[in-house]
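Shown here is one chain on its own, the form predicted on its own, set out as structure tokens.
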Amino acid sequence: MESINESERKKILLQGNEAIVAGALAAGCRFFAGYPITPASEISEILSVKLPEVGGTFIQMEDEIASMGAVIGASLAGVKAMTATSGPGFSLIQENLGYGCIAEVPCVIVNVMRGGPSTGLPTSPSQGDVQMTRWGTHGDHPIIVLAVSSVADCFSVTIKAFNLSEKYRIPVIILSDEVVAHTRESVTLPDQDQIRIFDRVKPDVPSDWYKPYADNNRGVPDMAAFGDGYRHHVTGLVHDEKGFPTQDSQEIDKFLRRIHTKISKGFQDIQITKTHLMEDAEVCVIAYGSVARSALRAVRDARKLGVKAGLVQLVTLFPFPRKAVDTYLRQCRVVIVPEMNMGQMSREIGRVNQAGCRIVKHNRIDGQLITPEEILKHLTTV
């Protein structure tokens, strides 16, 4: 987003889920299909009112499987589409999420995490779905996963999610959690004309020449909407450039490599991290979601005590921002990784730890937020 003079804008009080709605509408979302579920229900409730006001469509579906199917259908018809859910519903989405990946359908899925497994802890925060976002649907597929930690993030990251989805023709998952979803903060939102929006690239060739899955220099095929006069065959099977199922090993290999390569080509655009007080940090915290808020307070308090501490906030969880994380693993003698799970992201950090940096995990799975005091204790004793 462009730099904006915030003093010229009016601050408004928004809840995290409300900010996700505002970001989606600003990004051009005009279709939502979903099923109410705590702690994501406000997203569908607000969109049921807001979407019709801007000429969009809201549908409450019978379940999350159908919701994801409807979102894919709307996107294929040329509309920016999304759904929102939590743990049990996110489990149901997985089959059609795989369909969206192989058919290269732009769409956004918000997962407001809660304690699990199964019905679990419906009103308590968790970060237990991290690895599920990467590997929940079967097959060796690419995916983009972004995490929000503040109300401001909920707005800006949602816009980024739609832009990445449209740019790379891929489902994008936004990971929130119960704390972020229901936190209210004063935020200053930009005017619509100050927001950068990316729309999918449409074909500019005669309809007879169009190949819906043809490779190009971006690795992202131009995308025609159903009804625009272009033949567009869609299947969940591995397919050739025309979209028809294939058993040709060369075509299969070429297709699967392309859908991964289009993401790796965009790493600089996709992989987002934020840093706080990292210039001279000797110990740092790597965190995401609501825990990053606690971590920032802990880092600031540690600085007051003379500890050279810093924070690396992961906005992009997948594709994992290995290059950026590796830089800080080499800089610091100790890295603390607090998570509201048994250590799902710490596994990724450990996997890329070629510098031999000491990694300290701090985990809570009791439905309670990790406090700044818990993280500060590590920062002052490692």
Partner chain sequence: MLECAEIIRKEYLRHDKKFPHVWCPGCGNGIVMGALLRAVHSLGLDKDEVVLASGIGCSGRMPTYVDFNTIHTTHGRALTFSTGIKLARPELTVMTVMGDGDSTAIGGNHFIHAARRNLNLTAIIINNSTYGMTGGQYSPTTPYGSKSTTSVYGHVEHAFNIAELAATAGAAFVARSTVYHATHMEEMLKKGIEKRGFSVIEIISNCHVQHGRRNKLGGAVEMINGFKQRSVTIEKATKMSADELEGKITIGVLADVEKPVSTEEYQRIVEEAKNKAEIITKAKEKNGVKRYEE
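Residue numbers count along the first chain shown, from 1. Just so we're clear, the structure is a prediction, and the values are computed from it rather than from any experiment.
We do not show the form predicted together with its partner chain, though everything after this point is about it.
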Considering only heavy atoms, tell me if G69 and its partner chain come within 4.5 Å of each other in the model of the complex. yes
Would F226 count as a contact of its partner chain in the model of the complex, using a 4.5 angstroms cut-off between non-hydrogen atoms? yes
Please determine whether S118 contacts its partner chain in the model of the complex, using a 4.5 Å cut-off between heavy atoms. yes
Would I65 count as a contact of its partner chain in the model of the complex, using a 4.5 angstroms cut-off between non-hydrogen atoms? yes
Quick one: in the model of the complex, does every one of G219, Y328 and V382 get a heavy atom within 4.5 Å of its partner chain? no
If you check K274, R196, K242, R303 against its partner chain in the model of the complex, which one has a heavy atom within 4.5 Å? K242
Which one of I270, V283, L189, L92 is close to its partner chain in the model of the complex, taking close to mean a heavy atom within 4.5 Å? L92
Which residues from 33-56 come close to its partner chain in the model of the complex, meaning a heavy atom within 4.5 Å? Y35, P36, I37, T38, S41, E42, S44, E45, S48, V49, K50, P52, E53, G55, G56
